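Take a look at this single chain in structure tokens; it is the form predicted alone.
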Amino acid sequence: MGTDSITIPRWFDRHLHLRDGDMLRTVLPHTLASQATAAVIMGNLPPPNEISTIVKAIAYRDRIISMLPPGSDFTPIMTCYLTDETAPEDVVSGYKEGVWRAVKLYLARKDGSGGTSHSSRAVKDIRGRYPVFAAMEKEGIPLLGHFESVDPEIDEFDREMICLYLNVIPLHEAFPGLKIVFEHITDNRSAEFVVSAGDNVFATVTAHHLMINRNAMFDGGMNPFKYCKPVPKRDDHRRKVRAIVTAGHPRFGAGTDSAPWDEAAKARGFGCSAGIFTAPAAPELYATVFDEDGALDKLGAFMSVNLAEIYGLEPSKETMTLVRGSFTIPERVGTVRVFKGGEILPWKLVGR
């Protein structure tokens, strides 16, 4: 049956949505309960509140910190939401002042539609942002990309692949020293690019993309609670990405993309919100995947070590332990439906 427990350094989440206000207050404790030391915080709050300036980033960071319990050592790692108006010198200033440690790229159509949640003010002209990328390359600032084509003529299931060839590869060729993180990767061609591209290209992978394929979105009818962006792909893509991850490739790391939505926003008949909320069970979900693939020895690097350096982090000297047993995922947190809520996982984080 294999090992009955595994101890790894305390982990950090390389891709997390905490929202704001009451939702932030509701979901933040579950990231803390997962024993994360830090998380890379996404700044795509509803316009005009997206985290696109130093002032906004400081204010949002302060709101997060104000909700931490006394004595918490959790570090919110802020990102700059890139727009077509963002100046290179502002990106560099925010980085040097320690306000943010990376820049987040979303893509949008000329009319502001497309892309993903709250991306209406995102980048519409990626080549027009090349001066920003040049400054980032020089200063060692990572670029975190939601790399999906927003062309409405492109098939939904091909958008990551098309963006790879139209945007990511040319970007990497133009700025080979730029640290690029291909976030929430789902397409095996993207994963294979990361493997072959060299030391400055990385990827984050969600637990849900490792566990479900596109059939899940139609389980029991149109299932909005399995809908996210990028959408899950065919199972051959899932299996190939998962094989690279659980083999222990050092430039792939855990990024949950945990994205809470009020259940009403997820369940509405038209225009349901994209996002899957995994924070209450993230370590157990990842452990289940690695256990199923006979790769528990690779879990610690994936969750706690890989990509740490590009965010100025060192792996935690503290540890966390998961034990083989039964962990029932909560069905809801407040008004937010949890991924696989009510199901029993074979691993449990000690201290829950």
Ligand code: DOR
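Numbers for residues come from their place in the sequence shown, where the first is 1. Note that the structure is predicted; figures quoted are calculated from it, not measured.
A second form of this protein, the form predicted in complex with this ligand, is not displayed here; the remarks below concern that form.
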Study note, to complete from the structure: Within 4.5 Å of this ligand in the model of the complex by heavy atoms, the stretch out of 82-90, 196-204, 67-75, 257-265 is 257-265
**Study point:** The unique member of K229, R121, R214, R101 whose heavy atoms fall within 4.5 Å of this ligand in the model of the complex
**Key:** K229
Point to revise | in the model of the complex, the residue from P142, G275, G94, P280 that sits within 4.5 Å of this ligand by heavy atoms | key: G275
Check your understanding: Using 4.5 Å between non-hydrogen atoms, is R19 touching this ligand in the model of the complex?
Key -> yes
Practice item. Using the partner position in the model of the complex, report whether H237 sits within 4.5 Å of this ligand, counting heavy atoms only. Key: no
Check your understanding: Though only this chain appears here, would H184 touch this ligand in the model of the complex if you measure heavy atom gaps against 4.5 Å?
Key -> yes
Check your understanding: Is there any non-hydrogen atom of S52 lying within 4.5 Å of this ligand in the model of the complex?
Key -> no
Check your understanding: Using a 4.5 Å cut-off on heavy atoms, which residues of 299-326 contact this ligand in the model of the complex?
Key -> none
